[in-house]
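Given as structure tokens, the chain that follows is alone and in the form predicted alone.
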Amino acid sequence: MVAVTSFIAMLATTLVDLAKLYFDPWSTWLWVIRGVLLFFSDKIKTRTWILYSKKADFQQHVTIENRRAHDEIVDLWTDVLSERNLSSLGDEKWLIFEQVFKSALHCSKQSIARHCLDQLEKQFKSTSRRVTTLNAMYHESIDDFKSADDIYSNLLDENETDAIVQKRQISLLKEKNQIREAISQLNSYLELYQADQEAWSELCDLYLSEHDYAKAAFCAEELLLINPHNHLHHERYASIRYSQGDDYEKARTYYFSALKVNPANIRALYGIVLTSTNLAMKNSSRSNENNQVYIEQIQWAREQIIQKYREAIPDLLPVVELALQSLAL
């Protein structure tokens, strides 16, 4: 677009020169046309560089905020940043290479990841533990687990308290489906880093994959202690208690607490329907005034679910209503 407008502007300049010889009245208009075209040509150039700057700022923002925007980052690299000289960004360009590398691995774009890793290795050689860890991650992505494990083991021999490398090694065990070994190492890791929410969450998932609900519930309780304001922790603990099937009342309580923290939590509303239904069925044979409370809560939760789907995804409303009918007492 810029090249076309520049060519037209040059053509207009030539026409102006010819008009001076033959058509003096037209020369003024041609000068005006030339000026307009040059103006828009400069605007297009300026807009292009502003767009590049904004996209670089977006890349920096994603890096700082630790956002999960892997597809957008890879698209940004492919469409814009890979064609630009990043030297103007100074040392921040190495952070961009690292972020693009990790996003490329998430999107299975090994060629982009390899390019970024090569740039980082040229700059920092083999003396950087950070780049060495990235190299091991690349080996993981191409299923070269032995090379990755060897790199992680060497790094831990140098510094056994490196939390990032320990997590990567546990992730490698999980990738190789060695769940028992991953659980053992994760427990050892948590003896050193007891406030690591990601580690407790991962350990909870591993116990759930082994159907060890009691230990998974313990991990969920630790998450609640560390961050009681996260509605997902309340919901997860409630779901585990519901799956155990021995304490629907506690599960129901934590579904309500999840809903208190985040009123838009649909899963918590479904949980209230399920737990209250089970409690009402459990006490149906005896005269219990709590049954009326359970029935009222079921009706309230059903109405909330239908209302939220009607506002957000009305096309799914018939399916939701059918599902709720199947849960009716």
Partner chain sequence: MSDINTLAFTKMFLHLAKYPELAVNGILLSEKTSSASDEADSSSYLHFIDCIPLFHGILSLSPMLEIALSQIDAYCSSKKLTIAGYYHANENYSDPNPNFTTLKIMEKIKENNPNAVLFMIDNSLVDLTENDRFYNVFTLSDRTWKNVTDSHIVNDESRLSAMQLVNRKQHRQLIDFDNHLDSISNDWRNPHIRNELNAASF
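Residue numbers count along the first chain shown, from 1. Because the structure is a prediction, the values reported are computed rather than measured. Take the two forms, superpose them, and find the largest set of C-alpha atoms that agree within 1.5 Å; that set is the rigid core.
Absent from the display: the form predicted together with the partner chain. The rest refers to it.
Peer 1: Assess the spot marked by Leu134, Tyr152 and Ala182: is the partner chain within 4.5 Å of a heavy atom from every one of these residues in the model of the complex?
Peer 2: Heavy-atom distance to the partner chain in the model of the complex: none of the three under 4.5 Å.
Peer 1: Answer yes if any heavy atom of Ser87 is within 4.5 Å of a heavy atom of the partner chain in the model of the complex; otherwise answer no.
Peer 2: Contact with the partner chain, no.
Peer 1: Heavy atom to heavy atom, is Ala113 within 4.5 Å of the partner chain in the model of the complex?
Peer 2: Output for Ala113 is no: heavy atoms all beyond 4.5 Å of the partner chain.
Peer 1: Using 4.5 Å between non-hydrogen atoms, is Ile240 touching the partner chain in the model of the complex?
Peer 2: It does: once the partner chain is placed as it appears in the model of the complex, Ile240 has a heavy atom within 4.5 Å of it.
Peer 1: Does Glu249 make contact with the partner chain in the model of the complex, using a 4.5 Å heavy atom cut-off?
Peer 2: Close contact is absent here: in the model of the complex, Glu249 is far from the partner chain, nothing within 4.5 Å, heavy atoms only.
Peer 1: Of these, Glu121, Glu221, Glu92, Asp75, which has a heavy atom no more than 4.5 Å from the partner chain in the model of the complex?
Peer 2: It is Asp75.
Peer 1: Tell me, out of Val80, Leu117, Leu105, Leu208, which residue has a non-hydrogen atom within 4.5 angstroms of the partner chain in the model of the complex.
Peer 2: Checking each option against the partner chain in the model of the complex, the one that comes within 4.5 Å is Leu208.
Peer 1: Only one of these stretches, 94-102, 169-177, 153-161, 188-196, has heavy atoms within 4.5 Å of the partner chain in the model of the complex; which one is it?
Peer 2: Among the candidates, contact is made by 169-177.
Peer 1: Using a 4.5 Å cut-off on heavy atoms, which residues of 250-274 contact the partner chain in the model of the complex?
Peer 2: If the 4.5 Å heavy-atom criterion is applied to the partner chain in the model of the complex, 250-274 yields Tyr255, Ile266, Arg267, Tyr270, Gly271, Leu274.
Peer 1: Would Gln304 count as moving between this form and the one not shown, using a Cα shift of 2 angstroms or more after superposing the core as the test?
Peer 2: Yes.
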